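Just the one chain here, the form predicted on its own, laid out as structure tokens.
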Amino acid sequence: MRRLLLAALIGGLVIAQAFLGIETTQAATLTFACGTGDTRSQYCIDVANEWAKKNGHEVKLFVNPQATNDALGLFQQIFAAKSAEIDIVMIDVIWPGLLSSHFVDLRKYIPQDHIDAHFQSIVSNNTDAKGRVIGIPFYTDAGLLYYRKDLLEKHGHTPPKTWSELERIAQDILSKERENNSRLMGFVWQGRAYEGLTCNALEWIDSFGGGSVVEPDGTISINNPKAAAALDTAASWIKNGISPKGILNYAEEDARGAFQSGNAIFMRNWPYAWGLGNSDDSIVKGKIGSTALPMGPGGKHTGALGGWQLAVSKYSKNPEAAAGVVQYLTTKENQLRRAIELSDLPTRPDVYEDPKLRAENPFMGGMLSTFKSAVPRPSSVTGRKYNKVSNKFWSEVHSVLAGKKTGAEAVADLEKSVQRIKRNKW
């Protein structure tokens, strides 16, 4: 009788707790792979623990290797062993296709209206072929155009809306300013044969209306006249002298170094370059403007999608609690807070409209249109084959920039290469 009475009391307590919204899950220690152990990683863990401690849990940091490829390799090893070592993982925008089978479907734990509050281009990127949402957007990136505000104003120009305007303005300013600075370049970007060139080339092609190399339904679309014309246009910048021949070896920091030292009029780069360009030791502090990348004949401003997402390992012993952390970190309030304190770009449109963000960081307020039209790399559709597809893509693009092929030849060759990669499915 006593046992029955005790069972009834416990059952009643559980029902009451559920009714009152009290967490009934056993206390858990969650491990969160949220960076390389720097102050930004610690910020991530501190905010995660705000939710965790209220719900009787704790969150600890799993320190990633610094190089992105090394971090990916380590995660692949851990997941291949089906280890519960990590509960929550911060993943790169191009990893969902590579790692999706190791993550839970967050639709089971997080309300749909919370998922829908983020940029849909990023949510689509984080949705696998089975319709599973395996990552909630955390913070984002997209390619931007930076320009020397002082030089454009001096010579009577406004920021370019199209690639042809950019070329015309660069040539005009170069002709007038080279005697003052013999090292001045018109336009710097990322032309080295690596992932950064994939981003740049995808932006050119998208702005020309030439597709995304591989479309979301798996169609290989790269072999078309608009894509070829976009690559030929980029090659012409080198031939015509608005971009230096050395651009073929430029990565992000090479471009930023040239621009920040006062030796470039225009630069394509990621949002991180804004804060550094306006730092106290920057020659161009206060002289920088930024805007969406120019349009091509396709009539579209674009920017390659970058950024990070939060996912929950399917090997976690506490997926519900882990998903609670993910939801908390991606609320409007916490994305606003992170944007102000760390200058990380939110993934929710409503944050960009918040008066606090516009007051604290007006640079971000003008970026909403860029992220609404950002183009994702074809990583989700190509899955584990993405690295091979991207490698072939940047190699063919590089051959056009170096004058070894025409755009038409490169896209035809790329189509054949990607067809071979697809032969055994993505």
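Bear in mind the structure is a predicted one, so any value in this text is a computation, not a measurement. Under this definition, the rigid core comprises the largest set of C-alpha atoms superposing within 1.5 Å between the forms. The first residue of the shown sequence is 1; numbering continues from there.
Only in words, not in the display: the form predicted in complex with a small molecule, which the text now covers.
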*State the residue from Trp237, Tyr250, Tyr352, Trp270 whose non-hydrogen atoms include one within 4.5 Å of the small molecule in the model of the complex.*
Trp270
_Which residue, Tyr328, Phe79, Tyr194, Trp274, is the contact with the small molecule in the model of the complex, using a 4.5 Å heavy atom cutoff?_
Tyr194
*Consider Asp141 of the chain shown here, and say whether it contacts the small molecule in the model of the complex, taking contact as heavy atoms within 4.5 Å.*
yes
*Does any heavy atom of Ile94 come within 4.5 Å of a heavy atom of the small molecule in the model of the complex?*
yes
*Would you check, heavy atoms only and a 4.5 Å threshold, whether Trp163 touches the small molecule in the model of the complex?*
no
*Contact label in the model of the complex: Thr36 to the small molecule, heavy atom within 4.5 Å*: no
*Of the listed stretches (206-214, 111-119, 86-94, 315-323), which one has a non-hydrogen atom within 4.5 Å of the small molecule in the model of the complex?*
86-94
*Rigid core superposition, Asn125 Cα moves 2 angstroms or more between this form and the one not shown*: yes
*Establish whether a shift of 2 Å or more occurs at the C-alpha of Val284 between this form and the one not shown, with the two forms superposed on the rigid core.*
no
_What direction does the Asn125-Arg377 Cα distance move in the model of the complex compared with the shown chain, closer or farther, given a change of 3 Å or more?_
farther
*Given a change of 3 Å or more, say if the Cα atoms of Ala67 and Cys199 sit closer or farther in the model of the complex than in this form.*
closer
